[in-house]
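Next up: a single chain in structure tokens, the form predicted alone.
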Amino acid sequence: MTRVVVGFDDIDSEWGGCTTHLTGLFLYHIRSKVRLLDYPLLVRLNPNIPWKTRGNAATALHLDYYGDPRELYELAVWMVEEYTRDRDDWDVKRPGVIVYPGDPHSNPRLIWLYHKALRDVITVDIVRSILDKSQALYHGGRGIIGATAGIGALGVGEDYTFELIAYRRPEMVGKERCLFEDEAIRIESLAPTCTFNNVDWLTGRLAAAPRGPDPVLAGFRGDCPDMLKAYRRVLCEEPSFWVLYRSNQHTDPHDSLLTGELTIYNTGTLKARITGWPRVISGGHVVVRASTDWGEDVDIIFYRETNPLPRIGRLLVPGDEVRALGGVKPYTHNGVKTFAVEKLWVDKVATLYKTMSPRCPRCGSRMKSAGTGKGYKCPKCGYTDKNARSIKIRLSRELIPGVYTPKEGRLGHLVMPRWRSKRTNSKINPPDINNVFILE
């Protein structure tokens, strides 16, 4: 019996396929020769990477394997090659397979790589160097980056959630999905602090179901795996199988303070002071100019799809202090970089004043300036006061300090709901394979 971790990434494409689906199929093939040491892991990485297909997800299986790890590696490579044989996007996609011997959480290089992959762009040569030093077996191109980062994720002490994913039967892939959306809304409303981001409350649509041609029927997210099983009643299409994943989704694992000059595709938390007034651009997006702690100007953008963040952005004024969780985009305006917001903390609200002319003490009308150094004159009754001065009125602000996120159903994969609290987990008890892989 040998302890190994198998990692996969970049198995999906715009035309179908899914990394988690391949992982489930692989788990089915090896189920009689392994003992799970953890739930299958679904690891989301930097959401700002331009060549990701959808959610930039890698997977990892922590196992005791009854056999030679090379056999496991050869099976994984063969299945990936068969699964991706008909793909026509090899110019940008390169699936990755890793079989790592031992406990990856005892290797600081892998832990470092995981946290860097949440925030930055990583090159293949760095990953290959780490893998070669650890005597891991690996295959593929760019996909080995995510696969390696995934096996170093979710160690003891890191926050986690669950996702229960149902997969379609082969003959149903590409056809319209059959789901009871009203039932999903009912279940979600019964446990609002236990399940999350499964329903788009603005439209009433099921956010847990993808729209594309991939083999996922639906994926239900939450903190309580037993409660997630209630979502099986949502399906009016019979799935092929289910897999229960442990994940870093909706835990804010990329909430790391950015320092120094902003770099394209970086993701993290930007601490800034608002210096300009909000402007609405084409498409309904809101842009506000700000200055970072180190004095760099940046345009903070709130995309329309992240409602209600654009409404919050319109309430910002110069002097407000914020922390924005998001990523640096590859475009600039007049040389100023753009930072897209996924979540916003308003730390300090500036005091806003309006300057007004005084009222006439004789008739109560608003006076007008009589000229520089000449005081004010009433346009109604003609009263003049050479010593009168303008007055400042403090304006009320709609915006208050606090944390602001998109509505449920529109959260980014990594963004934590504002009512959820981080938790520190102890060591995970090994689950029974029949509780994480459910064959219909």
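Since we're looking at a predicted model, the values are computed, not measured. Start at 1 and count along the sequence shown; that's the residue number.
The discussion below concerns the form predicted in complex with a small molecule, not included here.
- Shown here without its partner, the chain carries Thr19, Arg142 and Gly146, all of which come within 4.5 Å of the small molecule in the predicted complex through at least one heavy atom.
- Residue in contact with the small molecule in the predicted complex (any heavy atom within 4.5 Å), chosen from Val403, Ile391, Ile49, Cys381: Ile49.
- Interface residue among Val349, Leu137, Ile122, Ala207, judged by heavy atoms within 4.5 Å of the small molecule in the predicted complex: Ile122.
- Looking at Gly412, you'd find every heavy atom of it more than 4.5 angstroms from the small molecule in the predicted complex.
- At the 4.5 Å threshold, heavy atoms of Leu63 stay clear of the small molecule in the predicted complex, well away from it.
- For the chain shown alone, Pro69 is not a contact residue for the small molecule in the predicted complex, no non-hydrogen atom being within 4.5 angstroms.
- Interface membership of Arg54, defined by any non-hydrogen atom within 4.5 Å of the small molecule in the predicted complex, is confirmed.
- Contact with the small molecule in the predicted complex, defined as any heavy atom within 4.5 Å, is confined among 37-45, 394-402, 24-32, 368-376 to 37-45.
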